[in-house]
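Shown below, as structure tokens, is a lone chain in the form predicted on its own; questions about how it binds or moves come after it.
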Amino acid sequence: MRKIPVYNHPAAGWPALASSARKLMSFNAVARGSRSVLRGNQPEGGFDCPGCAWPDHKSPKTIDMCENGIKVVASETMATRADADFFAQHSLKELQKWSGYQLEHAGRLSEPLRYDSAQDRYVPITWEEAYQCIAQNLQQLDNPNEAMFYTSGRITNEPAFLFQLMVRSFGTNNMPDCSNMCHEPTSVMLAKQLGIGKATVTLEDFSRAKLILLFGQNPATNHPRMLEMLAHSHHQGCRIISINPMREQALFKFRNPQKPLHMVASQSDKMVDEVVQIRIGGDAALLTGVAKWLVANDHINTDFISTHTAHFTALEAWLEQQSWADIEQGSGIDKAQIITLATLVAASPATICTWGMGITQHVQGEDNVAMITNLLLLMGMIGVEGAGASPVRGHSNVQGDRTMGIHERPSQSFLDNLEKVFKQPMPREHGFDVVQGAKALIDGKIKVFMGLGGNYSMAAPDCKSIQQALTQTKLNVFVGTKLNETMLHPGANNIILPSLSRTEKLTTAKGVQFATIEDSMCQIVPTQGRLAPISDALKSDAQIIADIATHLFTEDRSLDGHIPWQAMAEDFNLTRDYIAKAISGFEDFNQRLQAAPRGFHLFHPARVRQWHTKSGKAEFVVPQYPITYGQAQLSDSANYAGGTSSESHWQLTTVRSHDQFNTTIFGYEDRYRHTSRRDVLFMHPDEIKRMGWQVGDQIMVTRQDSKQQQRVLGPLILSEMDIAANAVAAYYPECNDLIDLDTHAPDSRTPAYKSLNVVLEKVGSAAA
């Protein structure tokens, strides 16, 4: 088998346009999808792309969507329907064998459905029958905490506010959401250190930055619109360093489809100056070395530290205790290279640290975020132009949903506000997050599961156990636009409620409505679909929530009419008026949108150096885990099994392909990694040679979980990637069954998708 070549072509460009066009055709969405693409992220009457949370440009552009966004739009605008005729042809036993790709291409959900066990099929049901079934099953629970309500980041602000209000009115805070699985360490640590768990930068800061440190992310695949800003920043003289175990080739050159010379004359922009190729999980160790050198050589902002921070002495003492030998071991980077990076930080008057899930999805994810924030505080890089913390969220409104109250651990002040506005008590006991909820589901403590979007069982660890647990519930309810794996494991009652997509027009008795989202940088943006709905039977997420609430909260259920559910679903201006009363920062919500049709930034105290923390100052935090944690765990695992880490024991990280979005599989092409299949295991060519293996060999992956049980995946086909030594990578979500529900960060409980200690065994040779 030939070697897989390194991708040396620019990111985006003609291949992106060709791939986008093919995807519109494969989804049977050329007409509807093309019209939507022209309206994506546009200032006046456009819809916000559901593809990612990267901020929109202030000025209009002919097309302001990336390849990923077009694929998401193609998926949502497809003309094919997964309707009663489709389900009449396919039993659930058959559909359970379908791949994620096949399910994604089955079509748009277009009518309410219930599972009929006698036929093993979904069959049509009226909306009224569905609502009565849902209300009856919820009302019959012994305790509201026997129900769990999951939310995806595709949901816009207005229905998210209604959903959390309905769930809390029912009496529980069991509201896990996709934040629990991605940026929860960011939310936890930034809130602890800066007073609020969000980015401190705006998009404009990237134009003013002099140094950008890009941690644990691959924008070319996960949020390609960021590439344009990185290229612009680099053109302005900013130095950009990627810190990542993987050298992602698509980060080096970018061919912008919006620039004619790029497309006609084959020009491209440079983005990244250098890659610091750390060990998997080595971020905290690297940052410890940088911070240690800065403090020891007095290259820190002492005025900022003395005026605005607390606990510097504790961090300083901890840094002094860390040896350079441990720093090099934990990071995989030698002292000289770390010092070179530290000198760049010392010389920069404006530094942005930006990161993705390569930072957060580790057992030590909270330490990683803490050390990034510590570095920014040491240099006084919070509250100045061109500098700050920039976590890049994945799903388009995952941050907005949390702001709207989708949170299993709400603040007391938020609950106080809800009680004041709606004149009824709110539950105070913390609810289940994704990990706790999955455990409760598996243990039989959850009798009703409801998912507002998302693909819960595939996104979470221990997928098969969750799917089996779903078959034991009294009721599962799924609100969504497309069929997915979680919907295929029915309990006593299973109901699918089809909803409008973001590209479709939402018309009520009060007229055409628009919704809002919050991007990664705290910008509130309006979004309004223009397409006719794929089916007359579809309802908006808000209307579905209001209808359930109306059926659920009868007179004997303690509510006395304080919440106008139907009025809020029909008139989003009214919903926004309630949001303005209940959520700090949204005062005069509607008026501000009228004054600024492109949206507005929420106030961020840290941007003006106000610190809403326990101490009243920005807080340095000492890491919880040893900086050699990942390597120590790997060594311990090898010793336990009687092997050596250099031979059979590896660290595995999960990655997404260029043809997927979260758990949604659009296709099998990953052109930046030169593969068209998903059952692959990526390894550095030098490591393949050292092991005496070759590309195409079949490899079994085994992991011993926290309960000493063996988890097995494979065989996977060996492929090449420029990845750090003693590291391998494979695709998410296919790897999720390797992960158990006890391997997670301590406070945020985000699963360690990015650092698993595994054993590799060759079980078959490459084809001749």
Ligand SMILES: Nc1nc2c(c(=O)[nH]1)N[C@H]1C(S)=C(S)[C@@H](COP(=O)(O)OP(=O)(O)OC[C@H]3O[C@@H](n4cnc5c(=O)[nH]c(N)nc54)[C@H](O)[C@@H]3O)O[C@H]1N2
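Counting begins at 1, following the sequence as shown. From a predicted model like this one, the values you see are computed outputs, not experimental measurements.
There is also a form predicted in complex with the ligand; it is not shown, and the following applies to it.
Picking from 442-450, 122-130, 274-282, 339-347 the stretch near the ligand in the predicted bound form, with a 4.5 Å limit on heavy atoms, gives 274-282. The ligand is not drawn, but in the predicted bound form it has a heavy atom within 4.5 Å of C52. With a 4.5 Å cutoff on heavy atoms, N736 counts as touching the ligand in the predicted bound form. Contact check for E248: a non-hydrogen atom falls within 4.5 Å of the ligand in the predicted bound form.
Contact check for N174: no non-hydrogen atom falls within 4.5 Å of the ligand in the predicted bound form.
Annotated contacts: R154, H223 and T653 all touch the ligand in the predicted bound form [non-hydrogen atom within 4.5 angstroms]. In terms of contact with the ligand in the predicted bound form, the residue from L287, I517, V73, C178 that brings a heavy atom within 4.5 Å is C178. For the options A546, V680, V479, I466, the one in contact with the ligand in the predicted bound form, meaning a heavy atom within 4.5 Å, is V479.
Contacts with the ligand in the predicted bound form, taken as any heavy atom within 4.5 Å, map within 648-671 to T653, T654, V655, R656, Q660, F661, N662, T663, T664.
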